[in-house]
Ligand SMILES: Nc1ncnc2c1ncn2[C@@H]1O[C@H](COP(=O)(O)OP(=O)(O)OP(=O)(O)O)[C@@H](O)[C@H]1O
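Next comes just one chain, in structure tokens: the form predicted alone.
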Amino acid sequence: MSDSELLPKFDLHLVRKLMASLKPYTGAVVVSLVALLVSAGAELAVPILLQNGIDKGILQKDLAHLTLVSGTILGMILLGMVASFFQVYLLSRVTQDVMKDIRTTLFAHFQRQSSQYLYNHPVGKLVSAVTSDVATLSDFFNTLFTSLLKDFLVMLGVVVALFVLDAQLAFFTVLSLPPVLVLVAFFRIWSRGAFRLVRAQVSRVNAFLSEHLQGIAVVQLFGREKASREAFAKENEGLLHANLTELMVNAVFRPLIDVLWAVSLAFLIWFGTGQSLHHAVTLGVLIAFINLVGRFYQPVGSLAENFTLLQSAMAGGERVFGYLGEARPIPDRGTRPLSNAGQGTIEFENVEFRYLPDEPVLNGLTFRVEEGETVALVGYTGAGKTTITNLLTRMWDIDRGAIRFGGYELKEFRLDSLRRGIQSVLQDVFLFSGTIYDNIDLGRGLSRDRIEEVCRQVQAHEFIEKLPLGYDTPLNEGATTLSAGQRQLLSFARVLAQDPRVLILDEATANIDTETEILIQRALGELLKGRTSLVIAHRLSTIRRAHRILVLDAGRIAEEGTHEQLMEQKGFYYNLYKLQYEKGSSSE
């Protein structure tokens, strides 16, 4: 979603969506609304009781009546306080529950999306949607029900009470109110763009921070700190101007409301006093009118702040529901479990694929990998090696052709079953915050014995046992306290713990030092036995271990055979070997 899409007009459809999220908590909302009505009614009762106490108690010197009215006023104040407490507490509780539900829904929605969707949306903006944008929705419910709805009821009740007390005085008093309504309408339009602009700029700053903090090492290594600071300063300046525009709305609106209040009050005192002197209006009615007009303008004065919160929440809601409306998941309509696929032969038949419309990556790719066979994929950068692994695990879907496993197209398998049965060990290892055990188990509830068995197979058990807490050693984000080789061994153990039918090694030994590679090479023969394996080869030892080598060029199979066969042909692979692998052959 682009920033420009954050600026549509006020959308009742969006309001309906937000209100629909309250449905599971209807009971609490109803009780809260009843408490709101009681609170507003108690607030309006005070001026009317005050009029009665002045006219029938003070002016007529009826102490008993004045005592009764005073006690009733105190009771109304206490009732309003209790009702207001329940209204605010219940609504705040419901709001927190709704925010929790929306965050969970939004996170689950992002998890279901395809790699293409995630590729097109910066991580910073997605994080901003789940955190700050959802947080603004609390302002929508609290402002709408606690402030705007109550203020509207009080303002409407004030007008009704004025006419009940004295219709003639009320008519002339109400004549001073239309300028207020015009001013509110004008500032609503002005505030809409200002507040949504703030949300757009906050999103841009979050995206920038996320990207540059994740890549801080690159910034430092290439000495780009100054350029990065200047770029951030530009984004930060945009946020500053957006916030200043928002502040201007409040700075202009409230003083104008105060001026109109003063004008209305002056008119009321002048006209009402004249009526009172001619005995057309009692003193109690005049004082009640002054009190009620003050109660009318009091919520009007906070409308700018309420609009700030409401418009900000609406902008956040537009983004949240905009993301929820963008559904681009990998279709998961398959019913077949991968474990029932029979013989695990992999077949690519005339596969075509492109990440961008005009940039084909695979062009009619066709090959076959027999069950239990280990096939190495080699080729220059951009030849399509990693793309093959992405398509085999359905991180992306092909444009044309067919990919089959055991004779069935991949779309016939349940997605969860497919990805459990076809596992990848990637060059760039991602480890979560948590213990070593948690990072290998990934929530499957595997036994400690199974985890240790797998780690022994990949030669990781020894270095894990030397850590302070062994398998319970906590890792920080990115596991920076471990070496690249140790992180790679853990990723290897993580995949093997799932016992997949197909194993994909995507440059899996590229970041491993020679000593660590010796350890992992000892286990590779046993680990790959009985599994269909695709290996994107980086080192010559891995290539020679494969039963066959597929040489990719421009998204097609250029050559295939064993290392010796391809070297004898002195073709594409021979030249690639001379350029890329020959220097490493002496160490292999």
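All figures in this text were calculated on a predicted structure; none of them were measured in a lab. Throughout, we count residues from 1 along the sequence that is shown.
Another form exists, predicted together with this ligand; not displayed. Remarks below refer to it.
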Partner contact for Val351 in the predicted complex: this ligand, 4.5 angstroms, heavy atom: no
This ligand contact in the predicted complex: Thr387, any heavy atom under 4.5 Å: yes
Residue contact check: Gly382 to this ligand in the predicted complex, 4.5 Å heavy atom: yes
Gln427 within 4.5 Å of this ligand in the predicted complex, heavy atoms: yes
Stretch from 374-382, 125-133, 105-113, 440-448 whose residues place a heavy atom within 4.5 Å of this ligand in the predicted complex: 374-382
Partner-contacting position among Ala217, Ala185, Leu356, Val263 - heavy atom within 4.5 Å of this ligand in the predicted complex: Leu356
Contact residue in the predicted complex, from Trp396, Phe463, Phe208, Phe172 (heavy atom within 4.5 Å of this ligand): Trp396
